[in-house]
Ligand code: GAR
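Okay, here we've got a single chain as structure tokens, the form predicted alone, with questions on binding and movement later.
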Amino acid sequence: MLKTAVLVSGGGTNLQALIDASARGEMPHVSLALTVSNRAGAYALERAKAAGIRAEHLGGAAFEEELEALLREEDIGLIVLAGFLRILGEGFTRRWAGRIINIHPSLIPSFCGAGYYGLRVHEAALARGVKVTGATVHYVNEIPDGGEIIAQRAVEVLPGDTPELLQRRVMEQAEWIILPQAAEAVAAKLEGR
């Protein structure tokens, strides 16, 4: 099993999807070992603690250096960004190339890149009038949402959707399904090297 760190900034619904998939035996190559948030009050930290996963807040100017130290301490082999709202530096992403993935709430290349996160993505999709949206899991590189796509899943946009309704449907019908699947596939690939 590959020791995995999950980086979060908010409530941790995608973290919960990973925890639940692990409990169901759907991620046999993934060991959820560490959760790190850049926000002290992130509810995701409580979810991690409740699941017996080490939970840490890092908020200082030396965030990436402190994160690297934690990753080494826990012998982490894979990083999953799950609602993590901080852009990681080029040096960090290069050191972790092929071992860091992200979930994004749209079908990349639509509604992605700097400034597109959370409800903003769904607001933009509705404003543009798209009929289909979804979620994407991709490798992380130095370009926000610019890494190679691992998995995507489409979700229909319905008449009367609000950003909040669409966000919830994308989470339920796409994010919570493809993130655990992608984490497992990447971990299995890394372990097989």
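So that there is no doubt, residue numbering starts at 1 and follows the sequence shown. In this text, all values refer to a predicted model and were calculated from it rather than measured experimentally.
The same protein also has a form predicted together with glycinamide ribonucleotide (GAR), omitted here; what follows describes it.
In the model of the complex, no heavy atom of Phe92 sits within 4.5 Å of glycinamide ribonucleotide (GAR). Though the partner is left out of this view, Gln173 does not reach within 4.5 Å of glycinamide ribonucleotide (GAR) in the model of the complex, counting heavy atoms only.
Under a 4.5 angstroms non-hydrogen atom cutoff, glycinamide ribonucleotide (GAR) in the model of the complex has Ala82 among its neighbouring residues. Glycinamide ribonucleotide (GAR) is not shown here, and in the model of the complex it never comes within 4.5 Å of any heavy atom of Gly98.
Residues Gly10, Gly11, Gly12, Thr13, Asn14 of 8 to 34 are found to place at least one heavy atom within 4.5 Å of glycinamide ribonucleotide (GAR) in the model of the complex.
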